[in-house]
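For reference, the chain that follows is the form predicted alone, supplied as structure tokens.
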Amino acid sequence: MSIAQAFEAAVPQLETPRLILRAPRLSDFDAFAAYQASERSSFTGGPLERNLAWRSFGHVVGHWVLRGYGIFVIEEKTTGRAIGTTGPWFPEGWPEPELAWTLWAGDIEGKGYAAEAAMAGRAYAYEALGWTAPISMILDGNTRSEALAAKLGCVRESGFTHAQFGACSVWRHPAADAQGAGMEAYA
């Protein structure tokens, strides 16, 4: 078994009615690099040239190795297409653990995929990791992510200035024991 195969086997796979949340794969990199090269990535550290996108992709994989958890790639069940990421995330420089999300292409917006995936990622963080009320950091001006945070029951708590990304808002997720905070919210 290769290291890549062992990594993929070690990362949990989650399923929702329309999505699979799974380990990042090398085959996801082209879609990830296209996202990172686009203006869509302006709220997540981009746009980036392909070689810097590679480093960012390595950060996603390495987080799993170093922390024992990380963000999942979101795969659309009907097509097998990798469409974004979501899940527990706590890189250096963050004030506390975060539930993160991205959608890589505009043609999948408005279908509820981000909310469905984020709820599954949040439920995983609550159930498997014991998180109680994580944050989501949203860069100022990212109104789509703010709307998703509100839909997920998050409350804007404060501001935070990240050394690399700049001004953002800290949104607090509902407590793990709150009604609808877990995966049952989309079922």
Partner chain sequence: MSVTLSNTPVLTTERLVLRAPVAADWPAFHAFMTDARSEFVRPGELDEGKAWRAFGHVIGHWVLRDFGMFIITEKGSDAALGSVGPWRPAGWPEPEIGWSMWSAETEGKGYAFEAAQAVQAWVRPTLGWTRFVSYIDQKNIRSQALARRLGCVIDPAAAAIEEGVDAWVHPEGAA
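Bear in mind the structure is a predicted one, so any value in this text is a computation, not a measurement. Numbering follows the first chain given and starts at 1.
Below, we turn to the form predicted together with its partner chain, even though it does not appear here.
Colleague: Let me test this: is every residue among 7, 10 and 57 within 4.5 Å of its partner chain in the predicted complex, going by heavy atom positions?
Modeller: Result yes, every residue of the spot touches its partner chain.
Colleague: Tell me, yes or no, whether residue 158 is in contact with its partner chain in the predicted complex, where a contact means a heavy atom of each within 4.5 Å.
Modeller: No - in the predicted complex, heavy atoms of residue 158 and its partner chain never come within 4.5 Å of each other.
Colleague: Check residue 51 for me: does it contact its partner chain in the predicted complex (non-hydrogen atoms, 4.5 angstroms)?
Modeller: Yes - in the predicted complex, heavy atoms of residue 51 and its partner chain come within 4.5 Å of each other.
Colleague: With a cut-off of 4.5 Å between heavy atoms, is residue 46 one of the residues that contacts its partner chain in the predicted complex?
Modeller: Taking the distances in the predicted complex, the answer for residue 46 is no, it never comes within 4.5 Å of its partner chain.
Colleague: Applying a 4.5 Å heavy atom distance criterion, does residue 141 contact its partner chain in the predicted complex?
Modeller: Heavy-atom contact with its partner chain at 4.5 Å: absent for residue 141.
Colleague: So which residues in 159-173, when you check its partner chain in the predicted complex, have a heavy atom no farther than 4.5 Å from it?
Modeller: Residues within 4.5 Å: 163, 164, 165.
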